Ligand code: HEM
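Here's a solo chain for you in C-alpha cells, the form predicted on its own.
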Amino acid sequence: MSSCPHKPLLDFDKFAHGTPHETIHALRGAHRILWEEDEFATGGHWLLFHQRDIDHVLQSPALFSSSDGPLLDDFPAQLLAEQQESLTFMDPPRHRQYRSLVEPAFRQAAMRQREPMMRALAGRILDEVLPRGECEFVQEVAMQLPTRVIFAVLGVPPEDFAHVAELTNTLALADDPEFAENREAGFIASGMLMQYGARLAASHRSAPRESLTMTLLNSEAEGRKLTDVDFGRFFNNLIVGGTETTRNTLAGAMYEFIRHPEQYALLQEDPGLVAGAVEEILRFRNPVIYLRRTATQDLELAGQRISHRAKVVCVLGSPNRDPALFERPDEFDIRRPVEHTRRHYRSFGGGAHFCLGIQQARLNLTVMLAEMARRIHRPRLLTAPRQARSIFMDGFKELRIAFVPERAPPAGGPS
C-alpha cells in the first residue's frame, strides 16, 4: 500500500504532544514508502521510514536535491533564490567547498580547546538558577549553553544576544503563534538573521578580532573571498543549527530523567555513563523530525515511481525506534552501547549534509548533563511541559521544574 486515506502524519494535531512514535511504528511496519496529501504548495509528499531508504535519499544528492530546502514549506521565490546561496540549500560539489571553510571550527581539536570555557559557562548557568530550587528549564538552562557558545565562537557582542536569539526562535518556531504571527514571519526572520550576519562581518572587517567570523572572512570559496552577504548566509545556518537542536535535546533529557529517576540515579552514581546518556537522548528524543529532499528527475524509489520535483521526506526518528535496529526501542536506557547507538540512529541526518556541528552538539550535551547530574538532585515537574507547535522540530517551549540543589560544603571542609 502506497497511499494514505487517513489524516496525514505530518499534521500539527498529531505532533501536539511531541513525535507520535506509535503512529510512526505502525506506518513503518505497513509501508516502505507512503504518499500523503498535505496543504503545502505541491499538494503532497512521499514519506520514508526505513533506514536503508533514508540513507539512500540523503546520500544521493544528484537524485534528491537540497536546493529547495529541508522543510515541507515552499519558500517564496525571492527568498528561495537567496537561501540557495546558503550551505543548507547547496548540493555537492559546491556544498563541499563551502562546508570545508567552516569544518575546522567543529573538529575534535577545536572542541578540546573550547571545552574548558564551556565547562565554566555551564557552571555559571546553573549558578544562576540553583539558589531558587526551581527554574523554567528551556530558556534558563537548555537554551543558554548552546547559544552562549555559538555566540562566543562567532564573536556576537553580548548586547546583541537577545535580538539574535529572538530572531532564531521566530525562524525555528514560526508555526507557533507565541513566537511568530505566521510562517511568513519565519521567512522574514531568516532574512533578518542573514542581514545581521552581514553587519557582524562588516564590524569584524572594521575592527578585526579573533573569532570564527574573522576566520571565514579571510577564507576563499570558488576562488574569491567571502563577502559580508556570503558570511550572512553562513551565520544564519550556524546560529540555527548551533542552538535549536541542542536546546530541544537538553530539555528532552531533563524531562526523560524526571520520568525515569532510576536512569538519573545511574548517571549520578557513575559519571562514566555520560557518553551513553548523550547518545541515548539523541536516539530517544531526536530533535529534528524530518528532512525533505526534492527529486531531480522521474525515478523509482522503494518500489514506487517518483516524479520529477516530488517532495521526498525522511522521517528521521523512525530508524531510532526500529526494533530491527534496537532492542527495546521504546525504553529509555543510558546503558546502551554507545557505538551501536551512534551507528544506527539518524538524528543527525546523513550524506553530504550530515550535521556539521555534531561534535559541538555532543560536547554541549556532555558538559551540561555532567554538570546537571552533579548539582541538580531529585528534579520534578512543577507543571506539565508545554510543547512547541511544530512538525519539524520536536521540543518544549516551557519546562518548569523544581529540584534540590547541591549542598554547600560545611565551613569545616567538604562534606
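Only a predicted model underlies this, so the values are computations on that prediction, with no experimental measurement involved. Note that residue numbering follows the sequence shown and begins at 1.
Just so you know, the form predicted together with this ligand exists too; it's not on screen, but the next bit is about it.
- Only one of 95, 336, 148, 321 comes within 4.5 Å of this ligand in the model of the complex through a heavy atom, and that residue is 95.
- Checked against this ligand in the model of the complex, the candidates 216, 201, 291, 167 yield a single residue with a heavy atom inside 4.5 Å, and that residue is 291.
- Contact check at 4.5 Å (heavy atoms) against this ligand in the model of the complex: none of 252, 378 and 387 pass.
- Using a 4.5 angstroms limit between non-hydrogen atoms, residue 373 is distant from this ligand in the model of the complex.
- Put simply, residue 61 is far from this ligand in the model of the complex: not one heavy atom of it is within 4.5 Å.
- At a distance threshold of 4.5 angstroms between non-hydrogen atoms, residue 361 is in contact with this ligand in the model of the complex.
- This ligand in the model of the complex comes within 4.5 Å of no heavy atom belonging to residue 83.
- Here the chain stands by itself, but in the model of the complex one stretch of 352-360, 23-31, 48-56, 378-386, 352-360, has heavy atoms within 4.5 Å of this ligand.
- Contacts between stretch 93-112 and this ligand, counted in the model of the complex as any heavy atom lying within 4.5 Å, involve 95, 99, 106, listed in sequence order.
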